[in-house]
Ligand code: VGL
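First, one chain by itself: the form predicted on its own, in structure tokens.
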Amino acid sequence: MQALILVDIQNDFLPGGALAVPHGDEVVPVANRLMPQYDLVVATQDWHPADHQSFASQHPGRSVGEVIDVDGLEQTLWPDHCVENTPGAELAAELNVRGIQHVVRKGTDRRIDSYSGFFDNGRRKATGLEAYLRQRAVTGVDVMGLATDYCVKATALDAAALAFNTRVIAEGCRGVELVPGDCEKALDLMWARGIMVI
């Protein structure tokens, strides 16, 4: 079975949100159109504590976009976003949530970020997504959402590494592009790892 994974289609990543992805709202109608074509749809959701260490606000003198070391891992600093139980963390209002069977919350540990829907950035803890998919005999995943160059890339790379037949739906992704060209690099890396970009 092929499942659809919707990555972080949340208010804070849409225009007007705390960490808005340019044109991020354009992925919502794509998701709504595609969901009925799948027997299983899973969404990932950033769900950060208010003092998450990926927030620049937690590091006096540091600014958004800087890269620091947190517990031995490189961490890009972001604006406060997707704080648990806030409107910004909710799935996009226009997203057809009735079509989603399961939601995986990630980034819940204040000390470590989690771009991937499968693991935290240090691969120290699993989110439970792999087990959920295996229990339902899923052999392949189609990945789309926000953002191409971070959470979509990390989720797709982990899916492929876990031997799921992995495809990325390009029309359903938008990127942050902290550095121009980041999305193209992300897509090239995915191709190189055997992920089909469709």
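As the structure is a computational prediction, the values presented were derived from the model and not from experiment. Throughout, we count residues from 1 along the sequence that is shown.
The protein also exists as the form predicted in complex with this ligand; that form is not presented, and the subsequent description refers to it.
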Heavy atoms within 4.5 Å of this ligand in the predicted bound form: which stretch in 66-74, 144-152, 160-168, 34-42 meets that?
144-152
Contact with this ligand in the predicted bound form for A20, defined as at least one heavy atom pair within 4.5 Å: yes or no?
no
Would Y115 sit within 4.5 Å of this ligand in the predicted bound form, counting heavy atoms only?
yes
Heavy atom within 4.5 Å of this ligand in the predicted bound form: which residues of 1-35 qualify?
D8, F13, L19
